[in-house]
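Have a look below at one chain only, the form predicted on its own, in structure tokens format.
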Amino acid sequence: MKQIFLTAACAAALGLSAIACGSGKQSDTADADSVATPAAGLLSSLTDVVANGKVVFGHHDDTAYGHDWQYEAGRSDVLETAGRYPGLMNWDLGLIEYGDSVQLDGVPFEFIRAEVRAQDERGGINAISWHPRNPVSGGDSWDVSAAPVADAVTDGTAVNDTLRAWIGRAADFVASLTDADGRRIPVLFRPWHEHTGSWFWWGKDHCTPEQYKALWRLTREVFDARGVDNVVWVYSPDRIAAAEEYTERYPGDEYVDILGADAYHFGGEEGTDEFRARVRLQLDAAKALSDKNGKIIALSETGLEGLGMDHWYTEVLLPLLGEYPVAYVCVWRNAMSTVKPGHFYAPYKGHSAEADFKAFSDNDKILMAGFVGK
């Protein structure tokens, strides 16, 4: 990813958060008010994407496994159906907090590190989500039997100490993502996502708005203290009943770079109108905030599990993308059929939606790998 130099005015020009504009290392050749960071370069690329009316297509765990394979060098269900790798690949850090060698779906962290580099080399970008364990109960992210956020954001508590250590491990991993020349690779980082629902322990029924905002501030505090300069921060609510819910827990412009929205299509054909309405409500709210603070927006996580609609990509997703200036869209993973049958979001070779997906990926609006100049 090309690095660029930004003046002190970059926050106004790009809507970039404080770390990317003001807390990266200054270049020896730059003026005192200019900084260059990998994060700034990535956000600049995505700003250009929006300005040109394009959308980057993304897929979770794309090269780790697919419908009937896993860890086969170079394989990708998207590559085999679209003819190109996705423009964005998403990876998850769940279990990095424990210092494990593999994440929650069994993908080795060393594999992720190598694939982040490979995606960067092919002219694509990378995103990272994080499903950390519950620091009180020890259960997974979906274990809401204990509500740890209040203690986690209170200095001096044992839970605060634990979470600081966990965030530090995530920060160290992100900082370790480098290209062949040792330069940090920029990534989109989407922590504490889908917080407007209550299925995660950081969700709305398990902490107050102020406690949630403090969780973001704590996360940034730990990342910033380690000098992590290759993160573009993505805020991504899920279901909301009104636009006000989108901003109720927004941590502030200085902590966020991209205004995302997570929204899944449930109920097959019959659920299409509801899906469209939910996406529009969320992206309308994101766009309204964007109009005030200049930040770009994204459909950060979406999809129709099992693709029971053969024309979902061209008849449902693509028209929605045409309604909003979104920088990228990311669908979820293609689990192996022997591990989780029917759990896939991009078609695989031979699937009935393959031709539709190829038409979607070939549309002039959609960007696949290679869109970033190297």
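Predicted model only: the values in this text are computed from it and were never measured. Start at 1 with the first residue shown and count on from there.
One more form of this protein, predicted in complex with a small molecule, exists but is not displayed; see below.
Candidate site formed by Arg133, Lys213 and Arg217: none of these residues places a non-hydrogen atom within 4.5 angstroms of the small molecule in the predicted complex. Of the candidate stretches 40-48, 326-334, 66-74, 306-314, only 326-334 has residues with heavy atoms within 4.5 Å of the small molecule in the predicted complex. Leu104 belongs to the set of residues with a heavy atom inside 4.5 Å of the small molecule in the predicted complex. Although the partner is absent here, His60 lies within 4.5 Å of the small molecule in the predicted complex, judged by heavy atoms. In the predicted complex, the small molecule sits within 4.5 Å of a heavy atom belonging to Trp142. The small molecule is not shown here, and in the predicted complex it never comes within 4.5 Å of any heavy atom of Lys349.
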